[in-house]
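Here's a solo chain for you in structure tokens, the form predicted on its own.
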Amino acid sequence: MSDVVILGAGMHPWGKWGRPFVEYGVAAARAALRDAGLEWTDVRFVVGADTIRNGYPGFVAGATFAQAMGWNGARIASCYAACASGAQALDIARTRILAGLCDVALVVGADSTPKGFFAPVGGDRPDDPDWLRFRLLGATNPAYFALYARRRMALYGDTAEDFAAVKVKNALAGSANENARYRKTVTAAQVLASPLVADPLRLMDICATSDGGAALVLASAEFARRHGASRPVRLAAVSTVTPSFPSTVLELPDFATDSTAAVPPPERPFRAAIAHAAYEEAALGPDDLSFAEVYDLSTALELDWVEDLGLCARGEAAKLLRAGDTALGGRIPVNPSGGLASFGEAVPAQAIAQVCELTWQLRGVAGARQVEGARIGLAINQGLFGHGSSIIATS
């Protein structure tokens, strides 16, 4: 396959701005085009990552962003995969370029979120597992995050102090990120003194809901050469795998797992399988990574992801954390952007924002949060209903 490269990356800062999501997406798209040195009229394909909270325009995000930018005849697509929407949008654009159907594509995701935690879409839908887990169990996202945290404590002996140390690490990185919503450093004592939300997780352990936008300009390697790009960032892999049966680890929004009475469990649980597929496609492994951006919905969940990526054995993520290995300046920095701890969730933009960070780190332009000598970066998250999302980029 011919290479697909990232020519431009752009973001609208995360926060609670109270404006339409389209405004954030357009700002991010224009920033990405400026970064690429291209005009809107150069774009021949637009993929919008959908938001379900903004009615009809959110469901047809590709056309919504194209109209807001000014109709230019480009082809469009829209996709929804919950928190993996941005990665699937990226994959759609990459596939079209690899097929030779266009040279330049724009990928955009943006969201305007409600105050508080996410709730199910309104109405009575007893066949919807997301609706059921709220109505039958009262299992909000923080409750799930707390169950995962309790699992780590029971299996590996992790402590509330370990979880607080994740927040301290990510807040320090986020303090150097101009696009982050939270840019103040915190102490472990402050985290442990913040209000208890779902035992053992406190307010500072859990990511917020945020407004924000992110965009990327992708191009064929040949177009990049013609355009004069000297060292564009290369997309080495995009993994969007689903779980394998039987799925034996509880995943949102389900509240039961598959049985292994007749069929043995798969070699890898879902999250580890997402990363493994990306490694296979890129012909790389965990030891090759310079840094990683992971889906830290909670401080405890970041530790799970560190193990899912194969950065250490099961149960040893807290040990890496305590040794400073996953901090800026450590052996394998995790979330040098500051992660969701510093940004919060703007769902359709999240995976795209992660790749923006990969791009800036691999270019060496990330400023005070720069990972020294960064050559290979991995971003990983997942969406509800079995949507995998992992992207590897190289300089």
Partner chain sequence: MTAPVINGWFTVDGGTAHLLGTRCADCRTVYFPPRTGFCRNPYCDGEDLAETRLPRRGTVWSYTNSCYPPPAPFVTADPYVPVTLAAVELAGTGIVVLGQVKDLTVDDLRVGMELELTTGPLADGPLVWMWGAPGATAERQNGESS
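Residue numbers count along the first chain shown, from 1. Bear in mind that the values here come from a model prediction, so they are computed numbers and not experimental data.
One more form of this protein should be noted, the form predicted together with its partner chain, which is absent from this view; the next part is about it.
### Message
With the partner left out here, check for me: in the predicted bound form, does some heavy atom of Thr257 sit within 4.5 Å of its partner chain?
### Response
Looking in the predicted bound form, residue contacts with its partner chain include Thr257, since a heavy atom lies within 4.5 Å.
At the 4.5 Å heavy atom threshold, is Ala193 in contact with its partner chain in the predicted bound form?
-> Contact with its partner chain, no.
Taking the shortest heavy atom distance, is Gly138 within 4.5 Å of its partner chain in the predicted bound form? Flag for Gly138 set to yes.
- prompt: Taking heavy atoms only, is Leu172 within 4.5 angstroms of its partner chain in the predicted bound form?
  reply: No.
Any chance Trp71, Ala99 and Ala221 all have a heavy atom within 4.5 Å of its partner chain in the predicted bound form? No, the candidate spot makes no contact with its partner chain.
Under a 4.5 angstroms heavy atom criterion, identify the one residue in His276, Arg94, His227, Arg150 near its partner chain in the predicted bound form. Here the answer is residue option Arg150.
Fill in: Answer option from Tyr80, Phe270, Tyr156, Trp131, heavy atom within 4.5 Å of its partner chain in the predicted bound form
Spelling it out, the residue with a heavy atom inside the cut-off is Trp131.
Looking at heavy atoms inside 4.5 Å, which stretch does its partner chain contact in the predicted bound form, given the options 114-122, 164-172, 100-108, 279-287?
Going by heavy atoms within 4.5 Å, the stretch is 114-122.
Taking heavy atoms and a 4.5 Å limit, what residues of 190-224 are near its partner chain in the predicted bound form?
Heavy-atom contacts within 4.5 Å come from Pro195, Leu196, Val197, Ala198, Asp199.
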